[in-house]
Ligand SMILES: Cc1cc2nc3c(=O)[nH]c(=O)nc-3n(C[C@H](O)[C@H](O)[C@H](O)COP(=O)(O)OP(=O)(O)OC[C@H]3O[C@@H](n4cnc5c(N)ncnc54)[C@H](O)[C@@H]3O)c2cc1C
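Next up is one chain by itself, shown in structure tokens, the form predicted alone.
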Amino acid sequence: MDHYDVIIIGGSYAGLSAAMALGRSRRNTLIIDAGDPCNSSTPRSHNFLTQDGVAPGEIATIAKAQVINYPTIDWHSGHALELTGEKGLFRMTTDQGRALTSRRVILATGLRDLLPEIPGFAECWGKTVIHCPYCHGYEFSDQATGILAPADQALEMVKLISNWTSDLRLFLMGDKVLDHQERDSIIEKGVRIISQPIVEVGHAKGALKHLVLADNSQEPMKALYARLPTEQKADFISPMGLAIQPSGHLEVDLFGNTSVEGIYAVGDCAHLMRSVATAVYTGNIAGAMINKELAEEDF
């Protein structure tokens, strides 16, 4: 059985950032990574200092090379299957049969976006069907843009996206409807509200061309913002009884502590702001705080 100070589940930006803080603190740390980062479909990362416009995979490759250069950092390619135990002695198994223990655990496991079953949607996801204007909005400034959102989030999205373009169309998803005041406010800003459901996303290799509606009409479009439901990627965390926010994210404090002592959560699985910068920040803080905890225990 392999024993570590810290096991990090997820080796993308948040997990690697936590590992760097721990490696530089000379903590024996294992990163378990399944090779499925949340932004794998995105060709370019933006809004991250020194790396604006760089491919996400390139950033991760450089980060991994730097992190595993620290002698106390180990890497395991695979899946974590089970997590049990408590602060000071957590037990974990992997899909390759490894039995592991650690004093602390960091979850950097990300979220799974639940894409609608609309032809062409998945092919455009992360490219021209996007979730975040801070990550992708500048590239679609002043272009024909759609918003696909539930009614209770529609006005917020329209307000936000209108800073990037005034050529907006709103497509409502779900059963809820806009109240009259919100509808009037949106229309007054020149935003078209289209009631016909989207049945197909017309594209060329992920570049959005138009949306096909249920009445067979087409809406020319360059970008579509989509507020989609998500779920936690890591099924094995449920038995641990971790508190979940109404948004579906793991509940954490400012330092990444979850509701279960000794388990931290960083990056997309715990934070509404889904960006490389947020992932790196939250990972760094959690790594430093865990080192401080262990130093207090060992002194």
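The structure displayed is predicted, hence computed values, not measured ones. The first residue of the sequence shown is number 1, and the count goes up from there.
If you look for the form predicted together with this ligand, you will not find it shown, but the lines that follow are about it.
Participant: Within 4.5 Å of this ligand in the predicted bound form, counting heavy atoms only, one of 197 to 205, 174 to 182, 74 to 82, 153 to 161 shows up; tell me which.
Facilitator: It is the stretch 74 to 82.
Participant: Heavy atoms within 4.5 Å of this ligand in the predicted bound form: does A108 have any?
Facilitator: Yes - in the predicted bound form, heavy atoms of A108 and this ligand come within 4.5 Å of each other.
Participant: So in the predicted bound form, does any heavy atom of A63 sit within 4.5 Å of this ligand?
Facilitator: Close contact is absent here: in the predicted bound form, A63 is far from this ligand, nothing within 4.5 Å, heavy atoms only.
Participant: Given that the partner is absent here, does N28 sit within 4.5 Å of this ligand in the predicted bound form, heavy atoms only?
Facilitator: No, N28 sits far enough from this ligand in the predicted bound form that none of its heavy atoms falls within 4.5 Å.
Participant: Since only the chain is shown here, I'm wondering whether N257 would be in contact with this ligand in the predicted bound form (any heavy atom pair within 4.5 Å).
Facilitator: Residue-level check for N257: no, no contact with this ligand.
Participant: Taking F140, G146 and R192 as the candidate spot, are all three within 4.5 angstroms of this ligand in the predicted bound form by heavy atoms?
Facilitator: Not a single residue of the candidate spot has a heavy atom within 4.5 Å of this ligand in the predicted bound form.
Participant: Scan 34 to 50 and write down, in order along the chain, each residue with a heavy atom lying within 4.5 Å of this ligand in the predicted bound form.
Facilitator: Contacts from 34 to 50: A34, G35, D36, P37, C38, N39, S41, T42, R44, S45, H46.
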